[in-house]
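Starting off, we have a lone chain in the form predicted alone, written out as structure tokens.
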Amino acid sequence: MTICSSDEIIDEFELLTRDAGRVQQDTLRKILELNADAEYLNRFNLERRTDSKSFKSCIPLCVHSDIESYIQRIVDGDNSLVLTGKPITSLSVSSGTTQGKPKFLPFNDELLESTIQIFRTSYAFRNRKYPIGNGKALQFVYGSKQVFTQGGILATTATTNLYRSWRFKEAMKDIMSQCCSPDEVIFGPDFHQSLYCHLLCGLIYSDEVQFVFSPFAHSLVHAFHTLEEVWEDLCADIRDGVLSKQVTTPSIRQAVSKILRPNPELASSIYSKCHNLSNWYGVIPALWPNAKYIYGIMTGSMEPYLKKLRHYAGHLPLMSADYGASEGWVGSNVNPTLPPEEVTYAVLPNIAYFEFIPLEKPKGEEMENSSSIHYIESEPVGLTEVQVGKIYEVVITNFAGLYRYRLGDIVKIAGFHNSTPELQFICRRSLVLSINIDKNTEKDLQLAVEEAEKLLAEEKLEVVDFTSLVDRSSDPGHYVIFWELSSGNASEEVLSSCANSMDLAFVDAGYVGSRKIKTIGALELRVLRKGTFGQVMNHYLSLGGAVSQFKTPRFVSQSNSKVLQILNRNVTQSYFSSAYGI
């Protein structure tokens, strides 16, 4: 395999993006030629045509439910050409926290290659700004179990599909720092033991660590919160050269014991630094002095964790990782100096064929006031036909059998890199909270929580995590917001004010109008015991998910009885809003 330098990778990217329109047409032609015999394409009488006009006129836009029956046949072992030109032999499983249940999605070699290209591209731009040499990376990465469906198809999380691939490891080893932890830790059967050993291995190689990474900001925050609890045990392990008894998995013990040696000097240094930290501010640069940045997905549902992550990061920059989903990749972060709140993603025009559905607010509604989904749609436009400042929903056609698939992501066009657009992620279009004509998204919920959280600052409290529920058990129905706080010392007066603040922060016209005429009841804030969201995460992990892909569900439906049970049994206080005098 030819190894390219960062400069060569950037040159290749510049060449691709100078004529993105032509590259897109070539990419669509390749996809349709490779999959010309697919049953799905033939159902719509495409008849092996590969031009974009024929493709769009024959193949309809779709969502997952439209193709679920085809994917289920693959899950059941149908090895005919259902969605692609050759049988699908492995599947990715989504986290299941966005829609409430995991989704199966096709995974093949072409998706693997696009992943490698995305990672290499963003790394090249990062490395130009923050060169890291031959050091190591403290990576909080966790594999999930590989299972075979009833039909004999390999199914696992997208992260595991990557990290178990020899092709991925071979392609990435020369352009990314070596992970501090051995594979046995990454693929260990117990997440808590793996996390402990990730921290331990990272401390053993503390002077060599060049950057810190996890796929999601949530798992970074969780890792350093765990460090606060186990740092003395880690110091003892390093001082004595003996792994803690809490690590019981033989494969992990054997692998970590090979690199663990008695080091009283290092243990003493770590102990002193942790002991002297003020509220754990800047713990990452304190313990890993040569780290240059912290990297992971920090947009969308990960934004609420940025405040705490910045606390741990101190002066180190946070850098948001690339834009993609279980369905496939979209773009790379080629502007690594932008903070996560402003990050943009340059679309790689050769990894998939992209369309964008223009979305406009009805007259009288300002886009800046709310991210709610009252949009008027127009016909999809091509990659190079989007306009700066406009809002769109992303549609993807990839090499793994998704055709004109609506990702449900809303993006804003921030600009262009050569002739390919740079996207700013706005929110998921999926509905979070709705009782009648009100429609509030995950972003609206986040903004409401952030507004109320300002009232906690004087009491030196913060919201650790949150989710929501539409409660229709009484008439009228009402919004319920669940909070886990950093401690239980908030006064009733402040928490009542927080409930009022969140109620007023939902500016969606349907919600405001419904509250005023009493067709939606007062918002309810339910405060949870510490550790509740850890229980929620453990529940999803017990279903076969990986913590690398875990996202706290921002909305819990009544049908998700197990998660609701966890939340409701941990409620300690409840406050109803009086903001509307109802």
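The numbering used is simple: start at 1 and walk along the sequence shown. None of the values given here were measured: they were computed from a predicted structure.
Omitted here: the form predicted in complex with a small molecule. The next part is about that form.
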Answer among 479-487, 237-245, 268-276, 316-324 for heavy atoms within 4.5 Å of the small molecule in the model of the complex: the stretch 316-324
Please run the contact check for residue 305 against the small molecule in the model of the complex: heavy atoms, 4.5 angstroms, yes or no?
no
- Consider residue 143 of the chain shown here, and say whether it contacts the small molecule in the model of the complex, taking contact as heavy atoms within 4.5 Å. no
Exercise: residue 300 in contact with the small molecule in the model of the complex, heavy atom 4.5 Å = yes
Check your understanding: Is there a heavy atom of residue 549 no more than 4.5 Å from a heavy atom of the small molecule in the model of the complex?
Key -> yes
Of 422, 444, 438, 409, the only residue with a heavy atom within 4.5 Å of the small molecule in the model of the complex is 409
The one residue among 123, 196, 506, 216 placing a heavy atom within 4.5 Å of the small molecule in the model of the complex is 216
